Structure formats: structure tokens, C-alpha cells
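What follows is a single chain, given as C-alpha cells, in the form predicted alone.
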Amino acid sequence: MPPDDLLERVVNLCKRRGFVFPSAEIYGGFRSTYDYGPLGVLALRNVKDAWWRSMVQLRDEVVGIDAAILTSPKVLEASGHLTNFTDPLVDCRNCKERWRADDVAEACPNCGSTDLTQPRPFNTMFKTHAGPVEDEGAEVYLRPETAQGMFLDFASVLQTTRKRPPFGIAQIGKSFRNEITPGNFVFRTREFEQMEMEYFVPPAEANTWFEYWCAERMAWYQSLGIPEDRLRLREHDKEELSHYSARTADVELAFPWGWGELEGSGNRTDYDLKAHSAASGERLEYFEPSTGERYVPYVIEPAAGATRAMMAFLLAAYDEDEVGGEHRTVLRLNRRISPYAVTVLPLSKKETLTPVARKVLALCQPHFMCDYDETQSIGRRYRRQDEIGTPYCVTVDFATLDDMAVTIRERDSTDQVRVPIDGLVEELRARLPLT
């Protein structure tokens, strides 16, 4: 289908089925803010869990933290964000709209005018006040990235975990950027969730680990269902690099509007630790007891957006086909990402089936995220589950009352198999692996 149609259809599905709602919609909406509905919150949690599993749970050299969102100006002054965290801003003299200069080629998207102001820097951080008095001494910021908390806690993590380079600190959490031109659904918003890891390495090994993490992060998206030909790794030119970066490469996806960043991996060198050490007076370095050497580690940072990743998985999974001559919409989501793993469906609402179906649901719920649906025909309910990406439906029918077995239906192939109830959980576990 045409790319524009794909985006429109996914956006409509998200609203209709409860993945993503416009925030404050009863008041006319609040631009570039979204609420994640009953299905969206499950899918987003699964994306974050999949990231945490691969980055922390399955590795013995990476630990996690959860740092504060409110950030002291001292931190952001030392890190360079107060002076360097800017986007180029231009105004259209004709329609008075404002745009990021790198988003406007020759003509303003609103009116077609080419009469634009010269680009000027615009700091994209949100400022607020702490305490009852709104004066300069009470200024704080909403963090623009989760990274700084990991640098500030470097010495504490080093002391409490006894890790030695290479080792990583990971966290998932909200970040805030006052984007000039948010858009493309949840691709660019002012409030979003990041999944970041700071990997501390000996300086001489930085390039090796940079290449390693670029490859690892590309493979992660493929393992969760995004086709290889819809991904690419693009390294930044020197003029694109952030003030702290020696090398940066983005995992990019072929979005409906063109190639766009899914996540970036950067070699931040020793910039952050040295900057915070100088500003705070605290030593932020590693002591190698075997050699007596002290050094400030370099940092490799894979940084992804959880909300943007979820959008990418939805776009990659969306499909339309025919089953039995009938059109259907199906989200072919990886089983680790789909909101529900299993849905229990009684063939009808008759009193003889409902108690058994509820017992089957109770059997599955401790092991899987489950849905239960007994309204409309079984065919319509299958289509509904296909559209929200549920990989398996378990149907309780009248034969169940005799043979104590149920039917498992697979989403993508629509194949069905009969399974005894007492072996159902084991069968579903085999079909729903963690890795």
C-alpha cells in the first residue's frame, strides 16, 4: 500500500482499538501529547521489557538505575546542555509559523513561501521552578535525556557493584524536549520515554565497543520483527556530531515519510565524566588495582526511544490479507511485543460454556497477558484479535464439555490445533518463548 496510506491506517487503528489516544481530546486535544490506551500501555511495556531483557537481564556487566527527572541547572551547565542543546529555528515571514531549519528545505510547508528568517539557536529544554518562590534560584529543568543521571551516579554504582570496565548502567524513563515542530504521530513528541545505556570502557577500546553496540542494536530490531531491508545504519558526518561525541551512528527505519532515526549509538568519549568531575570537585574515574592505573573511562551510549520503537514495530507489523474470501487487517507483531499473548473465546455466551471458559482464562492468566471476549460471532472476534496482534486464540466450544480440550488458533496462518486443557499452558509456553 502507499506509504501515506500505511501511516494513516496505523494511526486510525491505534485510535480505534485503544493503542494511542490524543491527550486531552475532550478539550480539543493538546498538541503533540498522547495517552497510551489499554493496548498501547501493554505493547509499550513489552517493548521496554524486551529492551531491558537484552540489555540488562541477559548480561552480567550491566546494571540498572532510575534517576530523578527534575535536574539542577548545575548539572546541565556542566554537561553543556545550557549552551549546546539547541535546534536551529526559523520563522516564516508570510504565515508566521516557526520551524526547525533542518525540516524546511526551500518552501515553508504551510504556505509555500520562501521568505524565511535566518536560523537562530533555540534551546529545547523545559524549565520550571522548585519550591514556592519563582525566582532564579529556584529554577530547575525537566531532563532532556536520561543519560546525565547515569554519569552522576557513576561513582556510586562503581562502589556498590564492584564492576570494572567494560560495564554499563542502563535506565528507562521519561525525557522532555521542547521540540519546535513535533509531528508524525508519536515519532517526535515533547514528552517521551527513553531506553538508554552508558557503557564505560577503557579509552583504547572505545572504537571496538562502538562498533559492537551498533551491530547489537541493529540486530535487536530485526529479532523483534522489523525486516532487514527496512533498516539501515547511518554514521553521522563530523558537522552533525553533538558537542560531546567522537562518533555517532543511527539505526534508521524506512518510515512512510522517509528514513528516520530509531536510535543512536554514540562514542561520548570521557567528556561527561570529566565535565562533572571538574564542576563538582569529585573524582569520577576508575582505579585498576592490578596495575595501579587511574583513568577516566570512555562511554559508548546506545539510546533509543521506547515510544518511537513501538511505533516502528506497529508500522512493520501492519498487514492486510484475505481469510476465507474475507478481508482482514492483521498486526503481525512479534510475540514478545503483542499486547495480549492469549485470548480466551467461548464459542457462545451460553451458561454451559461460560464457567469452563472462565476456568481456562484463570488457568492462563498467571503465565500470560490474557484477554477474554464473548461478544459477537466467533469469526468477528477472531478478526478483532488479529487486528490487535494477539498471536493465539483459545476457543472453548461445546465439544470441550465432553473431551475437556480446547482449540488453539494461530494468528498469522489461522491454523488450528486441539489441545487438552490440562496440557494447554505447557503448549502455549512452547509457542510463546521468552527469547
Ligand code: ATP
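Residue indices: 1-based, along the sequence shown. Quick caveat: nothing in here was measured; it's all calculated off a predicted structure.
Missing here is the form predicted in complex with the named molecule; even so, the following discussion is about that form.
Colleague: Choose from 72-80, 296-304, 165-173, 275-283 the stretch whose residues reach within 4.5 Å of the named molecule in the model of the complex, heavy atoms counted.
Modeller: In short, 296-304.
Colleague: Pick from Arg143, Arg336, Arg217, Arg308: which residue has any heavy atom within 4.5 angstroms of the named molecule in the model of the complex?
Modeller: By the 4.5 Å criterion, the partner-contacting residue is Arg308.
Colleague: May I ask you to choose, among Leu224, Val360, Val186, Ala147, the residue with a heavy atom within 4.5 Å of the named molecule in the model of the complex?
Modeller: It is Val186.
Colleague: How about Leu262 - does it come within 4.5 Å of the named molecule in the model of the complex, if we only consider non-hydrogen atoms?
Modeller: Leu262 belongs to the contact set for the named molecule.
Colleague: Report whether the minimum heavy atom distance between Phe192 and the named molecule in the model of the complex is within 4.5 Å.
Modeller: Close contact exists here: in the model of the complex, Phe192 approaches the named molecule to within 4.5 Å, heavy atoms only.
Colleague: Report whether the minimum heavy atom distance between Glu179 and the named molecule in the model of the complex is within 4.5 Å.
Modeller: The answer is yes: Glu179 has a heavy atom within 4.5 Å of the named molecule.
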